[in-house]
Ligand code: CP
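Encoded as structure tokens, the following chain is the form predicted on its own, with no partner shown.
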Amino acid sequence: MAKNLISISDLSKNEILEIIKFSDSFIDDEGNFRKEDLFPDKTIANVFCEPSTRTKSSFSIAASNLGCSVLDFDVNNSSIQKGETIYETIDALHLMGVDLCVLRHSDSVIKDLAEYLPNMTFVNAGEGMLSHPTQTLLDLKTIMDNKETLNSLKIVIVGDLDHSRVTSSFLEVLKNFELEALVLSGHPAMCTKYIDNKQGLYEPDLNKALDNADVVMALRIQHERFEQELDLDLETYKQDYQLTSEKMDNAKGDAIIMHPGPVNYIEITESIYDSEQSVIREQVKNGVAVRMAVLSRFLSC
């Protein structure tokens, strides 16, 4: 049993399914989160070196619901701004009694930190473009809540694949399931790592990609990349790759639409966000239950 959750590959298929099933126990019959003082002697530190609303807030709520003491570490007003390394910062928190560190960082540092501080438990809350394991778990739960299983589904992922840690983790976990098809779509300039990907078919024509799809996951597009890195016209991009009701007519009638958030309405229209097919708000809610299950699992190691 792994001591840290650094990558989704740290979990076996059975462990993944157990966490998802366990997460159901934290939601009561009325859809509210259960509050149980399971870990009143544990202290959790949320250390987010990149901005976050959903992930950070849901980890804080999850830890509080479990009875933990929660430190929402303020990076902008910490000694990191004075040149202290992340290693020194986390070591200081450990010496103060922090049991588990939930860490988001722009670089791949969590594995090295776990080796540097073997008595601290780490949960990856988003690491560079590499991985986001708890997002993957909540996405799996959302799909299984609506489709029961991933087996025999056609899943389409569209957007800025090259810069998506969500995609990296999600593709890693999909190796555990027998899909009907995995189709990757998006502007070729944003999908250079995936054009020849052996795990899924790259289809630059979104209308073709969506044909008979069961699950469609749109990824956030960064405004700044259009201006600074890519020679792309935003309106042309939206015409080709924005999810609209018309494009979704190519998918199955009961297809679900997902998005890791935040939504900026480049990737999808407002009508798609508000549609009956959208499960984006379910994803947000599932984040708390899944992270309660994850914290419970790793605080019990």
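Quantities reported herein were computed from a predicted structural model and do not represent experimental measurements. Numbers follow the displayed sequence, beginning with 1.
The form predicted in complex with this ligand exists for this protein as well; it is not shown, and the discussion that follows is about that form.
Here the chain stands alone, but in the predicted complex its contact with this ligand, taken as any heavy atom within 4.5 Å, falls in 255-263 among 66-74, 242-250, 31-39, 255-263. Though this ligand is absent from this view, in the predicted complex it lies within 4.5 Å of a heavy atom of just one residue from 269, 275, 52, 60, which is 52. This chain is drawn without this ligand; in the predicted complex, the residue among 121, 135, 142, 89 with a heavy atom within 4.5 Å of it is 135. At least one heavy atom of residue 104 is located within 4.5 Å of this ligand in the predicted complex.
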